[in-house]
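In structure tokens, one chain follows: the form predicted on its own.
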Amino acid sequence: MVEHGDIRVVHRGGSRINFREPVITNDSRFLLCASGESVKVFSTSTEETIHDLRGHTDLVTGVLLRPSNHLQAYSCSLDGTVRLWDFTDGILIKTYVIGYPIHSIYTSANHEGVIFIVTPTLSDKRTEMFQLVAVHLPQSGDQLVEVRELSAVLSDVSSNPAAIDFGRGGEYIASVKGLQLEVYFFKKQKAFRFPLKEDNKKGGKNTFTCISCHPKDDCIATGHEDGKIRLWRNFIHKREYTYSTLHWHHSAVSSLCFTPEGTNLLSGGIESVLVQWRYNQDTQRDFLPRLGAAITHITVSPDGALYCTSHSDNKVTIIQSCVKVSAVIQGLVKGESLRTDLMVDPRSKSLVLNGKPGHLQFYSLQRDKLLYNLDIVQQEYIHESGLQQFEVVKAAFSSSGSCLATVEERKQKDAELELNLKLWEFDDQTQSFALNTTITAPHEDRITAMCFCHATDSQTTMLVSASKDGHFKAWKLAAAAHTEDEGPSWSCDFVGAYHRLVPECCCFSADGSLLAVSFQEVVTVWSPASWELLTTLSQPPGAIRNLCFGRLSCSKYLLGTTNSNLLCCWNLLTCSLEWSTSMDVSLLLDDPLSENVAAFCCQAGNTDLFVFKPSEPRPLFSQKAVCSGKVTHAVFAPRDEMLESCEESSQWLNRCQLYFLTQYMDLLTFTTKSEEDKLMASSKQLVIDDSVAMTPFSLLLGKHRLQDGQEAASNLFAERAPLPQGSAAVRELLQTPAHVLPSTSFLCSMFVQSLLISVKDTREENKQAEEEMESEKEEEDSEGEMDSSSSRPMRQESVGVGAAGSSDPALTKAQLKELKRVRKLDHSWLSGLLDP
């Protein structure tokens, strides 16, 4: 076993942007979100990523603007540090080392130089208890500062950031946990507690879920599991407190937020509806429905111009204060579990997997951005817990990406299983997939496996599906037999079975000549051309979990894993077991562009990776404990450009990059040190101002830098960057809407310069003229002396051409060009006048 330190496991996109409450800057231009181990800065107008603030070594658990400087922001992490950023330039200013995992962070303008964090209580190791701690940040010029002055404020708090909030500008801080509300007054240094009963008279649950304090009045709004909102008043005197109740949500209230002036209260929950309550006017409220997914966080910009909601489908919605959606920032949608496999779309090279309910999402790994969602179920999703609805459980692409197969199912408690197999065809006009054929009840039970035949020379497209009903079926795309107007459709070509056993896995060989189907402990090999059973392969006891054909030079091998923790390799030429090894393989994956095979093995609660060739006993690469838990979904994604790695240990990453999902739905990948250095170098060569989002409009009218060019030895001036030609510039200006154009004074200089001819263009024309004159040298032998002196004027200025012409001055380029033009004129009309 060989481990290599130059290959690292890193997060590569797809992190959650809804994990913590987002932050809108004071000018409402940028949005800051905690995303994995980094902080992402988005533009609220273009939805593009402006900066990716990296520096933390563990999960970022909070982002907050610095009260004394609105251009800086704090971020906290489980790595025990608080970092101060200049988010406009993407610069790390300072790192404060706390030394304890931080779960949330709070600040107040009344507490200068102090931040409040939630950390675990060290004294109690039996249960997870958290405390609110005040951290006094030391004034130091060093970039790395160790914090020593900590003081506890509240002893038993919730780790949920929505459960703590400052009130009345920082005069008090309120915290909720379980059935208790606790308010701590900083001047009095005293805390009051207000408990509630577990259930009310109507059977509702009174457990606290979130809190928000009014910015100016002594009022605290709390959300509860039964959907009620309570407004607490007079809590300064413990025995005289009162509360009123607002009720619209039918389920738990997940987030509450007052506007900066305190005129409105915003609330949200599982209903996907943003509710805006009028403060002190309980009957007046506004709604923004159909936001797409349950609301997890609500925040408001400091100027009150924008609202922002985070959603359970890893989405952030930016809403104007008039309750109108203005932008949507969509991340990689992560559910509780992934039903489909990880796939790569052969056309767009994007990652494809389950998205929001009933959809497949196409996610760009290069841009870390969602491209689009494909609605598979084509039914409105009802947000109600316990309701069984259609789910996409299987999906597969053809080798060219022109066909997509999906399986959706729904199982009611007292009803039969509903099953649909849908075949999709890529439409070049809409650049999306269109439904071609729907097959209702393709099998009598759940489908266990599905795959396309990836043979490039095959004239027909074939799909094979295996089911728990004991059969596997082959589906073919054929032309319509009845009318010419109908397009090609899918039909069943063959139904196979083996001794009434249940098929679990199926896969085609690389050339499509063989189909392997596993029936519990037996592997059957079929010929798709005649559907003849060629052979059966036996192996030690244990049901087959994965099947995989070798590729290229290893195409004669068939690999399989069993429930008895064995990895087996069969030789298809001899129909015998080539080798086997004891290994608990959770996932077996083949590289589509090489002979390499990746095996994820679960051992001692962690997952190990082995990369090998079926023909060689020694693995090419192995790494212990790539992640915790079991890996069940991974994919090889072809690279746009092949890496040129000379080291044998990393050559398996040259053509494809391996991505995998952990049990916590984190998307990880393997990268080499040289690849990381290349990414860092390319990020430093950006020529566009980072504070401006990269959009077509900013590229047209934005601030460009002059590119350095190579200067000739005789040049006295630097070359100017090529300007757009007049026609193109005028066309772009005329096609741009007038209301988004900048001032005329800004456009005037650019417009005038576009009409001028650059010095570089003149030099190129002269050079082209010289080449044309040189090409005509052989055609003008009668005037060889003139041609030889004109084709190389710079090299033969001091050399005489002949005895008669040695005293004549050399012609300039302009004179030579004019002479050439005169010689080409037609003078035949003059001879007609001279003839008598």
Partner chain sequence: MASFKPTKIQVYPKLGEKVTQDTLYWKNYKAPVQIKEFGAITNIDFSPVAPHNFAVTAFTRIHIYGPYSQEPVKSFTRFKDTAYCGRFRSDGQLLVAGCEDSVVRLFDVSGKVALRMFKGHTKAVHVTDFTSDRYQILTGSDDYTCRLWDIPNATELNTYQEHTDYIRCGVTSKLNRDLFVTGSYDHTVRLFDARVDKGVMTMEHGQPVESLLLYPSEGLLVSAGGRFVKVWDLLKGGQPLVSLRNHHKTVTSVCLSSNGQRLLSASLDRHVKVYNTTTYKVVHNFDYAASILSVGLSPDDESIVVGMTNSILSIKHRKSPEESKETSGQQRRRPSYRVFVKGKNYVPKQDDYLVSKPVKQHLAKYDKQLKKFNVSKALDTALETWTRLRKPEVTVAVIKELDRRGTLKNALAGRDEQELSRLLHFLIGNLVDPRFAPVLATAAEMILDIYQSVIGQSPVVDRQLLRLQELLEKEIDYQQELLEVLGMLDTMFASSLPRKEVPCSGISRSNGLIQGEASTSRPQLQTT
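What you see is a predicted model; the values in this text were computed from it and never measured. Numbering follows the first chain given and starts at 1.
Only in words, not in the display: the form predicted together with its partner chain, which the text now covers.
- 536 is the sole member of 284, 536, 280, 140 with a non-hydrogen atom within 4.5 Å of its partner chain in the predicted bound form.
- Only one of 185, 241, 100, 390 comes within 4.5 Å of its partner chain in the predicted bound form through a heavy atom, and that residue is 390.
- The candidate site formed by 79, 82 and 113 is entirely out of contact with its partner chain in the predicted bound form, as no residue has a non-hydrogen atom within 4.5 angstroms of it.
- Considering its partner chain in the predicted bound form, the lone stretch of 161-169, 191-199, 105-113, 617-625 in range is 617-625 [heavy atom distance within 4.5 Å].
- Contact annotation: residue 570 falls within 4.5 Å of its partner chain in the predicted bound form, judged by heavy atom distances.
- Looking at residue 290, you'd find a heavy atom of it within 4.5 angstroms of its partner chain in the predicted bound form.
- Taking the partner from the other structure, its partner chain in the predicted bound form has no heavy atom within 4.5 Å of any heavy atom of residue 633.
- Under a 4.5 angstroms non-hydrogen atom cutoff, its partner chain in the predicted bound form lacks residue 606 among its neighbouring residues.
- Annotation for 562-578: interface residues with its partner chain in the predicted bound form are 566, 570, 575, 576, 577, 578 [heavy atom within 4.5 Å].
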